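Quick setup: one chain, the form predicted alone, written in structure tokens, and binding and motion questions come after.
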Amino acid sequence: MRPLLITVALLALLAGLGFVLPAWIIFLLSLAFARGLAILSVALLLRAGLVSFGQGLFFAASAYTVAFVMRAWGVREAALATALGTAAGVLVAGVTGLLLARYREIFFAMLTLAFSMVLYGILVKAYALTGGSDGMAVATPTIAGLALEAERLRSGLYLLTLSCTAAVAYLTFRYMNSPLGYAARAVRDNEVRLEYLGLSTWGTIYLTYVLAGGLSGLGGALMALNVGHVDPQLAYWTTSGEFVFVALLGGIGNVLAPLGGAVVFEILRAYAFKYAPYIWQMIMGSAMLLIILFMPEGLWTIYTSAVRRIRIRRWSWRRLG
């Protein structure tokens, strides 16, 4: 019961902050949660022993879908645009996953990267349709049919992003503790034994990959609504590499680890870019190096270490009492 109460209190606190914090911090948190979903998808694949350098494929496909449906179909409702964008991510993952679920290790990583770069090339070359390297503007959305003012729209999109992130984080937690989630971990440990148990390795990988594509797609749709602009850089390999970077930064030991890593990364990048615009990449790289050296399981190690110390102290007090 206590973890549930803490989670509800944390969500209530985050929702309340949407009405009191400055607009730029709300925007930063919205971006962190949207990107956090894509990073969570990377963590999901890492738990199955798969490294993807192509999550930008679903992120960009979903973001461009939002821009297209708003321009071509006149869709304005944020929830509907988000659903359509997520569906696009799932569809792309469903098609590419038919091939990728057959591969492992470096071959899987390179093929995911190749698919992402193919989309990048299409987005850049199809100037008449996508705006080329300039990208496309995303129309101002409505929330529950209401056309809000700029400040209220920012808070509304933040709440939408937070709600989607919380719901998906819970569903992902349930997935990780389901038979399919354990089967995905078994693929990483020993997929031959998984086959001996009568489970399909290909099917397990395929379903995990499609789920990861949906997560990344949802993040891309929310990012497009919050930023109001999409460009081919979303499908570029550096975007996918950044997702892997932050997944390692936060850790993959818990659903909240990648999301927390995304928030820390966005804040660090914002301040590093503000105070050291020419060397902020060096600062981020140094931070990553230190984390790998001293916290191999990511920032989530801080939380697990604190919990372990508290339990040891409680156990000591009980023995003394």
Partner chain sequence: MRKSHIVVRSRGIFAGMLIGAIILSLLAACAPPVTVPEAGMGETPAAAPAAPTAGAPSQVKIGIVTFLSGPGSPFGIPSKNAADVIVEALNAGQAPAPYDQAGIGGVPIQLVYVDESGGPDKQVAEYRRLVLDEKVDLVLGYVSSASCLAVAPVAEELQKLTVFYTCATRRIFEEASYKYVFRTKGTDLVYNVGAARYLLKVKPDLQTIAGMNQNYAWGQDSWTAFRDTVLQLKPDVQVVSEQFPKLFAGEYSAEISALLVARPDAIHSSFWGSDLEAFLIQATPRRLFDQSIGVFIIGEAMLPSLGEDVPPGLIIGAEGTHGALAPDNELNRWFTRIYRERYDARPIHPAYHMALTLFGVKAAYEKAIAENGGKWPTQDQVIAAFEHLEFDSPSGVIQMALANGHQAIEPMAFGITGEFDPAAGEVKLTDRMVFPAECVNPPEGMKGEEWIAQGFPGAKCP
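Residue numbers count along the first chain shown, from 1. Because the structure is a prediction, the values reported are computed rather than measured.
If you look for the form predicted in complex with its partner chain, you will not find it shown, but the lines that follow are about it.
- Stretch-level contact analysis of 101 to 109, 162 to 170, 88 to 96, 134 to 142 against its partner chain in the predicted complex, using heavy atoms and a 4.5 Å limit, identifies 134 to 142.
- Among heavy atoms of A235, none comes within 4.5 Å of its partner chain in the predicted complex.
- For the chain shown alone, L46 is not a contact residue for its partner chain in the predicted complex, no non-hydrogen atom being within 4.5 angstroms.
- Although the partner is absent here, M223 is a contact residue: one of its heavy atoms lies within 4.5 angstroms of its partner chain in the predicted complex.
- Under a 4.5 angstroms non-hydrogen atom cutoff, its partner chain in the predicted complex has R309 among its neighbouring residues.
- This chain lacks the partner; the member of A150, A72, L197, L146 within 4.5 angstroms of its partner chain in the predicted complex by a non-hydrogen atom is A150.
- Contact with its partner chain in the predicted complex, judged by any heavy atom within 4.5 Å, is made by just one of V51, M295, V263, L256: M295.
- For the candidate spot formed by Y127, I279 and I283, every residue has a non-hydrogen atom within 4.5 angstroms of its partner chain in the predicted complex.
- Looking at 31 to 53, the residues that come within 4.5 Å of its partner chain in the predicted complex, counting any heavy atom, are L31, R35.
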